[in-house]
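What follows is a single chain, given as structure tokens, in the form predicted on its own.
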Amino acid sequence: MNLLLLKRTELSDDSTLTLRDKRAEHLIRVLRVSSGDHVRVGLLNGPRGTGRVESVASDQVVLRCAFEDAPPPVSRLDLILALPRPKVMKRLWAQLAALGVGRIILTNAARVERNYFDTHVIDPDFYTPLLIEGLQQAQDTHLPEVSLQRRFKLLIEDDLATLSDAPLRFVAHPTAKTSVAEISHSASGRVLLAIGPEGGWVPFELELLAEHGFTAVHFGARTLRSDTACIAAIATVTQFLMP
């Protein structure tokens, strides 16, 4: 935990708070804080700052916090992700937040099993703590926006404009002729990346994406599992298009 994330409602009028949860346990058992120590803190969807340890007990820590004037910049990367297997999605939540995805749009695809949408892994009560875990790792405060779109065609044709205004759109495809590294344009606005399911996008889906401004790109010669492909693609896009 490299940044302790807090909610505004947890702070008193004098910017103090008392922690008695896993965050307190981390401060006590892992960081071994004592009175007078300072730790990195951040307001969820707000600025970062510093928390001074006022007191430490066996199961609680009292902090007095001071915050910067402005929050860190919001990520410009949006992601369309064909819903992977539940155990894969479970692993991905924290990583997506840590890597700096601003918006996560989960969708159906021809090669997505329908029962994937019945899993608790896509319930906000389940994934929000995992997203926060990723933010704390990366020292970010902006919680990614998550939406679930069960109808792929409807998403691309009708709903996408309201979910992402990204002028640059890419779809990951292993047989694409162009790699992200060959694209010289440096994005100043948002970037939208679409990553398919295990087995890839079917021709109809690729054609539909192309009709709506998505350029097919590859990320190397290896065919990767969806969770590995996700992390590799996001890292590559961030490196080459969003310096």
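Predicted model only: the values in this text are computed from it and were never measured. Quick note: we count residues from 1 along the sequence shown, nothing fancier.
Beyond the structure shown, there is the form predicted together with a further copy of the same chain, which is absent from this document and is the topic of what follows.
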Only hit among Gln149, Gln137, Thr119, Thr128 for heavy atom within 4.5 Å of a further copy of the same chain in the predicted bound form is Gln137
Note: exactly one of Leu160, Ala172, Ala97, Ile80 sits with a heavy atom within 4.5 Å of a further copy of the same chain in the predicted bound form, namely Ala97
Answer among 36 to 44, 202 to 210, 56 to 64, 174 to 182 for heavy atoms within 4.5 Å of a further copy of the same chain in the predicted bound form: the stretch 174 to 182
Can Leu11 be called a contact residue for a further copy of the same chain in the predicted bound form at 4.5 Å between heavy atoms?
no
Contact with a further copy of the same chain in the predicted bound form for His218, defined as at least one heavy atom pair within 4.5 Å: yes or no? yes
Might Arg20 be said to contact a further copy of the same chain in the predicted bound form, defining contact as any heavy atom within 4.5 Å? no
Quick check on Thr16: any heavy atom within 4.5 Å of a further copy of the same chain in the predicted bound form?
no
If you check in the predicted bound form, do Arg225, Ile231 and Ala235 all have a non-hydrogen atom within 4.5 Å of a further copy of the same chain?
yes
